[in-house]
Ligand SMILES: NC(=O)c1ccc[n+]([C@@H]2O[C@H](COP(=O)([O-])OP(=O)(O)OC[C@H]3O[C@@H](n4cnc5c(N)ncnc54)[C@H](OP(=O)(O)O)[C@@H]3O)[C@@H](O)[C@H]2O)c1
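Coming up is one lone chain in structure tokens, specifically the form predicted on its own.
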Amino acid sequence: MKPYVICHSLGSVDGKIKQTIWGLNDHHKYFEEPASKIKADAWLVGRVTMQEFSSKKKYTISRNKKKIPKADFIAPRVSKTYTVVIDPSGKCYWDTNMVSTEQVIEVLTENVSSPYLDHLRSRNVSYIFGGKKKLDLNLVVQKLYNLFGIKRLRIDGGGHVNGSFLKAGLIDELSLVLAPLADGTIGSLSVFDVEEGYGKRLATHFKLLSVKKIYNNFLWIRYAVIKKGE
């Protein structure tokens, strides 16, 4: 079993994600207010985004710590909802195990060190392993469902995180806030950044669920992913 996965994004009419050249005042509200209306048991981001929320202290971890087995660690539950960070190398440090009202879950590979795991345990931060050297996102979402009871997962990632879940075929729904502007920048991140070239991968198709005009000229569009055989 896996959660129902909703990818939420703010994009321009040419498919780019937010840049400073957009010139939006209070740009966070265009993403966060619609996101808050999506029912979910957890929201997920990549390591770069999560470092905005994790500790700003410079932690020095001892290399003399005993070896900790590479097994999932589930801390006592202290919140109704979770925030999940894709952090394969273990670069986020924590003062507490909370981001606002959500309890943190770290998603790691087995490449992380025992001292880093000791740091997470010392803060009661839950962590799961998604693979030895590379993450298997299918395994990750199964663990989120089975170990934490996460049945609805909202991805608030950038292009790379969104693209990874798209490539793995794990997205069930797309929630797209369409900004009334064209970015036009070559090489900037898009809503989904999967890989260069086409290879053997086929495009993902959607069917429209709803569309709503918000903030005067923005559109909030919800699509369901068309699965194989539908």
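Residue numbers here begin at 1 and follow the sequence given. Everything numeric here is computed off the predicted structure, so don't read it as measured data.
A second form of this protein, the form predicted in complex with the named molecule, is not displayed here; the remarks below concern that form.
Segments offered: 116 to 124, 150 to 158, 71 to 79, 94 to 102. Contacting the named molecule in the predicted bound form at heavy atom distances within 4.5 Å is 150 to 158. Using a 4.5 Å cut-off to the named molecule in the predicted bound form, each of 48, 135 and 164 places a heavy atom inside that distance. Remark: residue 88 counts among the residues lining the named molecule in the predicted bound form, judged by a heavy atom distance of 4.5 Å or less. Proximity of residue 222 to the named molecule in the predicted bound form falls outside the 4.5 Å heavy atom cutoff. Although the partner is absent from this view, residue 189 contacts the named molecule in the predicted bound form, with a non-hydrogen atom inside 4.5 angstroms. Within this chain, residue 52 lines the site of the named molecule in the predicted bound form, having a heavy atom no more than 4.5 Å away. Annotation for 3 to 21: interface residues with the named molecule in the predicted bound form are 9, 10, 17, 18 [heavy atom within 4.5 Å].
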